[in-house]
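Coming up is one lone chain in structure tokens, specifically the form predicted alone.
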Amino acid sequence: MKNSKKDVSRELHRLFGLTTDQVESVIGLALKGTPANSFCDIYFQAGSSEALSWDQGRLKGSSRDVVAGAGVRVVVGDKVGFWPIDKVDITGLKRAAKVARQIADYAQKEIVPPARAAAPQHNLYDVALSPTTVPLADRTALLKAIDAETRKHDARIQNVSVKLSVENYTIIVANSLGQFLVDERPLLHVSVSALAREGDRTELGSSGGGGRIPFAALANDQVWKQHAQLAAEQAILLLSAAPAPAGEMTVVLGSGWPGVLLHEAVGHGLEGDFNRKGTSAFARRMGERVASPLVTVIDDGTLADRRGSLNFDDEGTPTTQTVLIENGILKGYMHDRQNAQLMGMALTGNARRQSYAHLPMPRMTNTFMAGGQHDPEEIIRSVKYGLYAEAFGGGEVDITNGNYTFSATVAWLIEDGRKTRPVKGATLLGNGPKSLHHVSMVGNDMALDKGIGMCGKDGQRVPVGVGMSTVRIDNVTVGGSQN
């Protein structure tokens, strides 16, 4: 990461032909006539993303998206003016500044801003070679190798689909606090789907991963072969899966990716905007017990190479480790600058946006439940009858009350303390805050997902990480096809 003004000046000129003096003049124009403590930032983005898809034993499609633009934002209290442009020059920036200022209604009292955060010092993803410069032949060769490795696992694998996406964007943030920051943000992701057939029954298994890592790390034999094997094993396993039971029972969540349930059922409810507006189930509950004493939930944007990590957020605030729930007590929310200011709370480095054409808002980075003391096998042995959920597919949550619905793509029946047989079609139904109170055991095997998470909110999608240990939750309603 480079964040000296000299570095920013060089990148501004290289990418957009601008100087820092010109940018400062635009910020001054945007704030002309606004009360003290108003805020302005300009978010510049330049780079590209590319995707390859492999299906039926051949390269099926490719796409490339080139981005170059900027968004000017004026924040006055709870009012926001924003105007993006995709042709960046001084004339366009000045026009955007005037429009953003006009949109913001600044006839209101001043609000004390949050304390200024220290300058970003992270260097979480030092990738010397942009993943978008890796030759197409090398990327295609990886897809072909994954296809062959997946198929050789079992003769019942009938088809393999692989998707590889790479991106690299240079981000520049300039704001009215005098900050000029620049960051290069690489991201890679591969996903593998295996279709297995036996008789007239077909099943689909999947695996994938990635992060802010060099292409060589993703193309490492041990990494991609693991994804190929997991996708094939899952598909074959599901061929013998019985219909899932239905009813209220104990559910054990596996470590890693099942943390997506925590992300959806609890994480969104801890974002600052929902709590400021009073629409979250956690609103106005700071300092209260909201979970079992075994539960500690953390959002951490400072984990090296992780999909959800950033050197600084999309307002220029350094990312941090934020304890949201500690031993069952609500300790904090995730904030962008505006919501921190309006709620009188500290910045947490959680302002995120999909692109220069979108407004930032409080979003998760890498959100996980801290590990506990129990051995995972001990947790399974403690269950007389229940469900072990190993992997999850889609889900949704109602932020206002915390009610969630999640489908388990891979699950096992637990009988007399043992995983006995795989089941399919299991849906977990519950309430996030209530489920937190029903956590009765937490494993010592905390793991993050392999790098596949995407989070949607208000029409914007950003990469995130999730994680958890093996966790026992009592009194969960399971929807299945077998009574």
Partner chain sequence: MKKQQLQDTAAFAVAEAKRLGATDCEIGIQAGESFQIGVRNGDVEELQGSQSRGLELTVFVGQRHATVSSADFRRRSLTRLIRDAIATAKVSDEDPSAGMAEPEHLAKEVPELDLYDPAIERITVADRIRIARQCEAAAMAADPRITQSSGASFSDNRGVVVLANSRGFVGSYAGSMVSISASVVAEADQQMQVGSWYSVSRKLAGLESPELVGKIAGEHAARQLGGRSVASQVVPVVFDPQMAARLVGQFVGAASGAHVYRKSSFLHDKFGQMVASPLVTIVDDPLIPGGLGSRPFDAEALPSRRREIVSEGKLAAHLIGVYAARMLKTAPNGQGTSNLYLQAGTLTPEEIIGSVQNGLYLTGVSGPGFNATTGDYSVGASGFWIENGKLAYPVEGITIASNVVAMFNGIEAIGNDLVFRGGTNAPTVKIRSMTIAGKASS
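Residue numbers count along the first chain shown, from 1. Quick caveat, the model's predicted, so the values are computed rather than measured.
Separately, the form predicted in complex with its partner chain exists; it is not shown, and the next lines address it.
Every member of the trio Gly278, Glu396 and Lys424 reaches its partner chain in the model of the complex with some non-hydrogen atom inside 4.5 Å. With the partner omitted from this view, the residue of Leu187, Val223, Leu237, Val80 that lies near its partner chain in the model of the complex is Val80 [heavy atom within 4.5 Å]. The single contact residue among Thr140, Thr302, Gln179, Gln354, judged by any heavy atom lying within 4.5 Å of its partner chain in the model of the complex, is Thr140. Look at 30-38, 410-418, 424-432, 449-457: in the model of the complex, residues with non-hydrogen atoms within 4.5 angstroms of its partner chain sit in 424-432. Of the heavy atoms in His122, none are within 4.5 Å of its partner chain in the model of the complex.
In the model of the complex, its partner chain lies farther than 4.5 Å from every heavy atom of Asn444. For Glu248, a non-hydrogen atom is located within 4.5 Å of its partner chain in the model of the complex, even though that partner is not displayed.
For Lys331, no non-hydrogen atom is located within 4.5 Å of its partner chain in the model of the complex, even though that partner is not displayed. Annotation for 42-59: interface residues with its partner chain in the model of the complex are Trp54, Asp55, Gln56, Arg58, Leu59 [heavy atom within 4.5 Å].
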